[in-house]
Each structure stands twice: as structure tokens, then as C-alpha cells.
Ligand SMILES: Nc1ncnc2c1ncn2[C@@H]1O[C@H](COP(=O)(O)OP(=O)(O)O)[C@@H](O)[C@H]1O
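One chain follows as C-alpha cells, the form predicted alone.
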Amino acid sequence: MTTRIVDINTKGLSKSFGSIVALKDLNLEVNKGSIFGYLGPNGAGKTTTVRILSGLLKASSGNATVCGFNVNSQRDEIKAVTGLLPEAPGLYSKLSAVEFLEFIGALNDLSGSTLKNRIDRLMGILGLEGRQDDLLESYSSGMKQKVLVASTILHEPRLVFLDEPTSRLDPAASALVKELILAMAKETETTFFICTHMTDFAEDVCEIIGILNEGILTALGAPQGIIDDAQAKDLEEAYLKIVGGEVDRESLLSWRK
């Protein structure tokens, strides 16, 4: 019998900024090697959750463990075994892609032939092998996003946090990142925690989905289960029903009157 390993376990996790409640009583488990999708409107608390779980922000109350480490007392240990791609990351534009990845590798104690081989292979997989020595300032937004994806998985973290990983990618690149996530989850048992507004991406990739609204987890389950419970035709329609964002098409042009 296989023992189930939980990589994320939160109990009553909450965060307030003054009078503003960003996250309220989050109780969640994410199993090792699984792909978890975190959906919700802007301002729902998704990024706050990721910042707490990745060790960048302290919770106001409650507790959580990430890969067995406590978010309140072992934040450095969490950072060492996880990878994080934030929604608006920074890049050193005066470095080449290779130089940037060498820098990220050094931060994660990678060097020599191991680091070089990983960079070469990732550049090839992501279609950047002809531009790897060009400065990042010359890259398109999509190419920069590919480099950032590479930097996030370069050290083979046990758990990866991705905040809108395909937001600046064309359909072909998005499909490539999707397949890379699926392959890593299956072959290396990497756990993925993905914040996204792309319901079709979440429906295709994620095994379990949580929908957050106004800081509260309002739905949790397999994509098809959420669709069925909402009596919807797909995840997008279910999401809109749950968060209250259904469009009144008859009113869209009322401003012209």
C-alpha cells in the first residue's frame, strides 16, 4: 500500500492587512506529485496564499507545512526545496539568458557540468538555443517568460509555485509549458501549485482545483466534479457561477443609449 505524502497542509491559515482580510481560514491539502490549480478573481487572495506558503510572507494566524517544513519557523528551509515564479518577476536585463540562469543556479548551489547541461537542455526544450547568449533586454515578453520558467525549475525543486505561468506566452509556448508541467509531475513527482485565470489551462492540467473568492476557499475538487456541482458545461462557466461573474450580454451595449 502506497503511503500518501502531503506536500502542502494548511490549517486555519489567515492573513489580514489592517482591516482588510486577504485570506480567511484556509484548510487545504496538496499531495506530493500532484498538480493543484488555484483560481479566483483579482484580489481574491491567491498571491497572498502563495507568498505565505513560499516563505515570503508571515500569516496572521493559523499554520501550514510545506514539504514538511513549518511556514512560521522554517521559511529558509521551504525556500530551499521550492521554486517560485511570481506573476510579475524581475529580470536582470543586462545579462544574457545563460548568464541569468548561471546566476540562479549558483544561488541554488549548482555549478559545473551539471548546471551547464541543465541550461543547455532547457534552452533547447524551450526553443531558445539560438538566442541564449543575447541580452535579456532584447527578448520579447514571451521569451523572457520562458527563461523565467527555466529558472524556476532549474534546481529541480520538490514543489513549484507558478503564478500565471502562461500569461505572456503564445499558444504553442503555452502548450509546451503545459506538457513540461505534466511530464515533471509524472516522471519526477514534482508538486505544482498553479495560480491562473486560464480556466481551460486549469481544466486540462490540474488534478484538483480550488476556487478562492474574497479570501475564502469556496470550491475544492476535481475539475469535472466542480463542473458537475455547478451544473455547468465547462470549468469557465462553473467558475463564473461560483464567483458571481456571469455576463449579462443584453446590457453590454446599454452605454450607447
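Numbers follow the displayed sequence, beginning with 1. Being a predicted model, the structure only gives us computed values, none of them experimental.
Form predicted in complex with the named molecule: not shown, discussed below.
Residues within 4.5 angstroms of the named molecule in the predicted complex, judged by any non-hydrogen atom, belong to 36 to 44 and to none of the other stretches in 219 to 227, 62 to 70, 199 to 207, 36 to 44.
Interface membership of residue 243, defined by any non-hydrogen atom within 4.5 Å of the named molecule in the predicted complex, is ruled out. At the 4.5 Å threshold, heavy atoms of residue 48 reach the named molecule in the predicted complex. Contact annotation for 9 to 24: residues with any non-hydrogen atom within 4.5 angstroms of the named molecule in the predicted complex are 17, 20, 22, listed in sequence order.
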